[in-house]
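Two separate entries follow, structure 1 and structure 2, each one form of the same protein chain as structure tokens.
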Structure 1
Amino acid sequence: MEPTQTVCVVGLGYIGLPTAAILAANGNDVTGVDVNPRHVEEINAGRVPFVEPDLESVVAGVVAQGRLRAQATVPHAQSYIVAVPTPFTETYDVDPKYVRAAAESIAPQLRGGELVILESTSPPGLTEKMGEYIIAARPDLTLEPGEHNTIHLAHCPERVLPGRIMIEIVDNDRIIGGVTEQAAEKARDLYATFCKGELLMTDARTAEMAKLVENSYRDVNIAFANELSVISDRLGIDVWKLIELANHHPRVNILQPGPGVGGHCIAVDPWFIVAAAPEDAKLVRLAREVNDAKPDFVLEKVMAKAAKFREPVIAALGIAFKADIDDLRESPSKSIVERLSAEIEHAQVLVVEPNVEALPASLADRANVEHAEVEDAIERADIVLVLVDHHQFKTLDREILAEKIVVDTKGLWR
């Protein structure tokens, strides 16, 4: 089979690498570019530098077939996909430095007629801004459609769920946002080589906003659940039962409360909406504030229980940002445990996290913190604090909880 087209993916992280691999597996000739030499080396050896089910077999296959290679420099390609981080600044506005660096590394290779797609989560307007970076570096090119030297720009946000990426990257519907109609058509043709979901055409700004809105929708719904959990606690109502009952209504679907919202998407993206329209994004901002305040509520609850003991032993179950993953970034559970061990120095905190080999330095370095096995931790504890609903915790024999004070933020053992 002849390659469908040459594609260069800039940024070989959680999104860029699966995208590069799936494009290559569907006939495209793909070069992946990454600034991390260790990543480049690993990928060229057919290995994946992070955990994601089923990705490694695809990467190994396409690398062996010569359809995917990784390197440090940007080559010429018919299409480019930019999948780099878009962190936010202290004022919650986007920091476009990685998008800018990617645009500036692509610009020298362009001849006219190429398609440049931004996949990274973006506030409205960043795709157009990427075009400005390209034109600033290459004033001989244009973003006007229909010229021989036109560069086509599109925003096609990824919406895959970590842990299910290789399934969702193929099956999910995909929003294709062109800065021009021609750009959208070109981007659609590229995604059509591997995407079985519907390809939904729109403009770039709407596509940028759609991604932010999807994650904000979830954030607002979780904030509602978290607020209900605080209200229910005060009123002596079981919030899990309450939500279960309310969700029997055919038009009600409340998400689950927890210790707070973590990860690098749902806890981040709503801020881009707030930054874009600070006066108007009232609900979006409030939801962020409610979810960010939930760890304080959990902490106060545990501290009140711990005050009854001279030297409390607290088993903290889970520090990942959600169930059955090893990702500790932006994890409310981890921050609760850090604060707990700092605020009650005379407490012993037994941290259970079956998905990591060792605790992060912020915890490992504390004298009153120990990485423990779940049953041992519970046996030794006065207080059992459930922070993540890992499958190992769900199936525990409840007998071992008798006599223990339980603070269950995930409604695991009701």
Structure 2
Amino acid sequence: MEPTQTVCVVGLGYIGLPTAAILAANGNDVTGVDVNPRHVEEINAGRVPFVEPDLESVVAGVVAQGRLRAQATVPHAQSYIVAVPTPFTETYDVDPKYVRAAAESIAPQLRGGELVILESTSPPGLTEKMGEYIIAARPDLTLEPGEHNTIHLAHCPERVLPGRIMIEIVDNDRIIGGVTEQAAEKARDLYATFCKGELLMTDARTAEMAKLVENSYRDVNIAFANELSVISDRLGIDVWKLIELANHHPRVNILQPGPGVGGHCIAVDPWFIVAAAPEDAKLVRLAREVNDAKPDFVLEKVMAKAAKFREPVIAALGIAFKADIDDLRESPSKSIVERLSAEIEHAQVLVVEPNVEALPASLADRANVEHAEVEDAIERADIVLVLVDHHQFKTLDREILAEKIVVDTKGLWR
């Protein structure tokens, strides 16, 4: 089967690699580019450098077929997809350094007529800014439509859930935002090679804003649940029972509280709206502040329990930002454990994270922190702190908790 087209995916992380693999599995000839030599080596061996269900089998297959290869340098391709981080600054504005680096690495390979898609979460206008970076490096090209040397820009945000990426990347509806109508049409044709969901056409700025709005909606609703959990704790009410009862109302669907909000999307994207409209984004800002404050509340509870012991042993169950993945980005659970190990005098912290082989340096380098197996950690602990509802924790025999002080931020063992 002849390839549909040649595609280069810049950034082979949690979004870029699944995108590259799915494109290759659907007939495209794909080159993935990453600055991490380990990622390149692992992918070319048909392996995946992080945990995501069903991804490794797809990668192994397309690599073996010669449809996907990884390398450190950008080749020429008909289409480029940029899937690099977009961190925010201390003033909550986007730091475009990775997008700029990607644009400048793509620019030398362009001949005119190529499609360049930004998938990275972006504030309104970053896709156009990416085009400016390209033109600054290649003034012989243009972004104006209809020319032989036109470069076509689009923003097509991902909207997948870690742990279900390989399903949702195909089945979910997709927003296709072109800087021009022709760019949108080219992007639609590319995503149509694998996407079974509806392809929703719009302009690039609206597409950028739509992704921010989707995650801010989630953030606001999680903040309501987290605020309820704090209020309920003060009033001696079981928040999970409270939410269960309230959700019996036919028009109420309250989410579940937790130790905070993590990941590169929900914990980050609302700040881009705040930065874009600081005087008007009042609710969005407040929700972020509520969720960012939840780890302080959890830490306060654990420290109060730990004060009863001379040398407390704390089993911290989970440091990923959500269940059954290895992703630690912006994880409130990891932050809580880091602070526990630093702020509770003479404490020993047993970290149970079954989805990582080794703890991050921020924990591994501390003498009072140990990476432990779950049953051993609970047996040795005075306090058991549930931070993530990994499936391994849900099936534990409750009897091993009989003599333990339990702080459960997920309602796992209520």
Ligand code: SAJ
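Source: prediction; values computed, not measured. What we label the rigid core is the largest C-alpha set whose atoms superpose within 1.5 Å from one form to the other. Quick note, the numbers are simply positions in structure 1, starting from 1.
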Block containing the form predicted in complex with the ligand is structure 1
Supposing the chain moves as two rigid blocks between the two structures, can P145 and W240 be said to share a block? no
Give me the angle, in whole degrees, that the smaller rigid part turns through against the larger one between the two structures. 10
Taking the rigid core as reference, the Cα of G236 travels between the two structures a distance in Å of 4.6
Core-aligned, what does the C-alpha of H390 shift between the two structures, expressed in angstrom? 3.4
